[in-house]
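Read the single chain below, which is given as structure tokens and is the form predicted alone.
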């Protein structure tokens, strides 16, 4: 098993601070600023790397992987509904969270590969940005039959998804990075968005640890099933992502990042969209599972496991 990355320890100490009820607090303005920086930086780095590819080389594989990502909420829903015995609204909302992606988990994966000096395809960040949409729409469709309060306002929902901060800044970062790479003007911005990336990620993970600690009660109240689902389902989804990366001929690093994307779950974009689309769903359950169980599992153990999955697939003779 790979060595634990030092940046992950910031998350561990954030959780510890919450558990022991330390008075440690990250100012909300700083937390929001760190979020904005990470989203732009991830997009920018990916856009610069994408500038080395022809668009038509990237489009088919990106489209296929995004369409296939809709299978994640479709698989999660019956498990939650019929085994976990959650309501239809909650099952759909949780499925949407797990079909969607976490930019911070992706960032930890990128940091993991950087520490190993492993290559990955730059267009993975584009796939990450696009994967938000099918998961949130699919989860909403699954959930609506169990939610009261009239029909879903699809126009409002799609506007929320497409113009939300996460997706908007990721796409903006990709476009700016792609342009900078094409005109060979990356250097004026690389000190900001590349050299400072790990330090900002460390601060952000500290805050994520504090937030995760605050969700532990909600998770424990729902029992063993939710904890088991929050660990086992991402591993199953990650294995599927690693398999797809191998089938599509990605590098070991790219395969791992695809596994990370399939295994990660949203705690920013999905709650905002589900608040509009599925008002009957209990946000404490979905956010508690994603932020209280899956996020810490992924950054602490999951990312190294997904690397091992990728490495294993790439040892199979073609």
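Residue numbers count along the first chain shown, from 1. Note that this is a predicted model, so its numbers are computed, not measured.
Quick note: we don't show the form predicted in complex with another copy of the chain, though the next part is all about it.
Comparing 78-86, 219-227, 181-189, 232-240 against another copy of the chain in the predicted complex, the single stretch with non-hydrogen atoms within 4.5 angstroms of it is 181-189. Though another copy of the chain is absent from this view, in the predicted complex it lies within 4.5 Å of a heavy atom of just one residue from 130, 74, 244, 200, which is 200. Taking the partner from the other structure, another copy of the chain in the predicted complex has a heavy atom within 4.5 Å of a heavy atom of residue 32. Interface residue remark: residue 62 is not counted as part of the site for another copy of the chain in the predicted complex, having no heavy atom within 4.5 Å. In the predicted complex, residue 53 stays away from another copy of the chain, with no heavy atom inside 4.5 Å.
Interface residue remark: residue 115 is counted as part of the site for another copy of the chain in the predicted complex, having a heavy atom within 4.5 Å. Scanning 263-300 for heavy atoms within 4.5 Å of another copy of the chain in the predicted complex gives no residues at all.
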